[in-house]
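Next up: the same protein chain in two forms, each one alone, written as C-alpha cells (structure 1, then structure 2).
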Structure 1
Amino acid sequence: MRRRQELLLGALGVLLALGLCEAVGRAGLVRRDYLPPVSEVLARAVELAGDPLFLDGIGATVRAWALGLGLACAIAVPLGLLLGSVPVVDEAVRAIVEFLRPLPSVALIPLVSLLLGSGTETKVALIAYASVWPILFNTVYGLGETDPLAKDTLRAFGFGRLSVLLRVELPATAPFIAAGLRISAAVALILAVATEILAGFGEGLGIFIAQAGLATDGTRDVLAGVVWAGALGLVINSVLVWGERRLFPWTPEHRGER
C-alpha cells in the first residue's frame, strides 16, 4: 500500500510539472526557442526511438556506462574489503584517498582525453574514477557495521580470517555495497553523458545533445535528448531498487515492503 501511494504521488508530481511547463510554453511566457511545449518535446523523444543512428548513440552511452561501472565495482569492492579489514592499510592510504576523492571527474576530461584519446576508453576511465568512491566507502562502512558477536562466534569455532570474511562480513556488507552501486550508477550515467557533451565528437547520447545545441532551432532536440537521459536514469535506478528488494528483504528500508 505504501509503495502504491508513493507511485501515485510521484506520477501526480510528474504530471503537474509537465502540465505547468506545457502551459508556460503555450502561453508564450517564454520564447519557444528557449522552452518548447512539453508535448512537442515528448513527441520528438518518441520520434527518436525510430532513428537507428540515435539508438546506436544510446547503445554507445550504455556500453560506456556499463564498462565504467563494472570496472569501478571490480576496484572498489576488493579495495573496500581490504581497507575495512586491515586498519594498518586503511591508515596508510587514507591520505591518498582523501586527496583523490574530491577531485571532480569533469575537470579531468582534458587530461584523460590527452592520454587516452576521445574514444570509449576516456569515458570508461572517467566513469570508473567517479563511480568508485560511493562503492568503496559503502563497503568500508558496511564492514564496520558487521555484528562483532557473529564474527567472534565463528572464530571460537576455529574459522580463519578468510572464512569469517566470506561467511559473515561479506554477506552483511552486501546491502551497503548494493546501495553504493545504486548511487554510482547514477553518477556513471551523468559522467557518460557529460563526457560526450564536452568532447563534442564521436557517438553517444551526449554527442546528440551537444550537436543539437549548436543548431539554430535545436532546443527541442536538446530537451528530447535530456528526456531520454532522464528515462535511462529512471529505468536503471528502478531495476537496481527492485534487485535490492529481492536480494536484501531483511534490511530496514525494505522490511515493511513485502
Structure 2
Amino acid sequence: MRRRQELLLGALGVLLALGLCEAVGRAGLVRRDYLPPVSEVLARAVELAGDPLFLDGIGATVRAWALGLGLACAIAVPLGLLLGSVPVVDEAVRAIVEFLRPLPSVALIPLVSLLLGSGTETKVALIAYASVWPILFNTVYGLGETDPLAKDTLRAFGFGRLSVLLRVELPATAPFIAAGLRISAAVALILAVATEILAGFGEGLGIFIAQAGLATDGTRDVLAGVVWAGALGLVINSVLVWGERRLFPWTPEHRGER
C-alpha cells in the first residue's frame, strides 16, 4: 500500500470515528448533556482556542511539564552516566531503585502536596520524579550498548576515562537518551494533568477539566478539554519523534519507517 493510500484511509477512519460519535451523541442513548455530539465538542474546543484564560491555563500546564521534564533530564542523564560507567555504584543502588520505581507516582500526590502545598512546586516535583525513570534506565542501557572497540581504541591512544565518556559513550548513548525522553514526555503530561485535576484550583488544563466536571452540564467542556489534552500529547510526541529522526537517522527504530 502506498503512503498516499494509507493517509487517505486514515482520514476516512477519522471521519468514520467522528460520525460514529456524532450518531451516538444524537441518537439519545445517553442523555445529551452527558454525552454531547462530537460536532458540539469540537466547536467548543475551537472556541476555547480564542479564550485567553484557557490559553493561559494551557501555558501553565506546558510550563510545569517543561520544567519537570528539564529537571528530570538534569538529574537522570548524569546519574545514568555514572551508574552505567561505574558498575559498583550501579549494583549498590539497584535495590533502592527497584523499591522506588514501582511506586505509582500519582500516589505521591497527597504526600507531596502536604510537603510543598498545592502550587507549581508540587506539580514540578511530581513530574520530575515520574519522568526520571525512563531517561535514567535508557541512559544506563545505552551506555551498555556502546561499541567496545571504539572505547578500547580511544583508550589505547591514551585518552582518559572522561574523554572516552564524552567522545564515544555519550554520542553513542544519545539516541537511547532521546527515546527515554520521549517516553518521559508522555509520563510528564499524565502527571501534570493528574496533579492539576486533584489540586482543583490554580490554573492549568487539568484544572479546567476538573472544574468543568463539577458544573451541572459541563461534559461538553470536559470533552473539549480532553480533545486539547490529546492534541497536546500528539503534538509533543510528533515533535520529539521528528527531532529524533533528524538527529539520529541511523537508529534501527527510525531506519525502517519512512
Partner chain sequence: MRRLKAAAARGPLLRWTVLAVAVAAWQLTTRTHPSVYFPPPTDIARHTHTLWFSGPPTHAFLTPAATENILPSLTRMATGFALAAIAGIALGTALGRSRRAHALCNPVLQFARAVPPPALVPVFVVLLDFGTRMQVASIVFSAVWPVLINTADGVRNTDPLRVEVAAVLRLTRTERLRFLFLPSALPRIFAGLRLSLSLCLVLMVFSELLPGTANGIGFTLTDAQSRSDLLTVWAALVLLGALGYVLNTGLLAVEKRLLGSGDR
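Rigid core here is just the name for the largest C-alpha set that superposes within 1.5 Å across the two forms. Counting starts at 1 with the first residue of structure 1 and goes up one by one along its sequence. Note that the structure is predicted; figures quoted are calculated from it, not measured.
Inset, instruction - Would you indicate whether the form predicted alone is structure 1 or structure 2? - result: Looking at both, the form predicted alone is number 1.
Inset, instruction - Align on the rigid core first; then say whether the Cα of A66 has moved by at least 2 Å between structures 1 and 2. - result: No, the C-alpha moves less than 2 Å.
Inset, instruction - Using a rigid core alignment, state whether the CA of L16 is displaced by 2 Å or more between structures 1 and 2. - result: Where the cores coincide, L16 still shows a C-alpha shift between structures 1 and 2 that is 2 Å or more.
Inset, instruction - Look at L42 and decide if its Cα position differs by 2 Å or more between structures 1 and 2 after superposing on the rigid core. - result: After core superposition, the displacement of the L42 C-alpha between structures 1 and 2 stays below 2 Å, so no.
Inset, instruction - Fit the two forms on their core, then tell me the C-alpha shift of L29 between structures 1 and 2 in angstrom. - result: That residue's C-alpha is offset by 2.7 Å.
Inset, instruction - Could you check how much the CA of L7 shifts between structures 1 and 2 after a rigid core fit, in angstrom? - result: Taking the core as reference, the C-alpha of L7 is shifted 4.7 Å.
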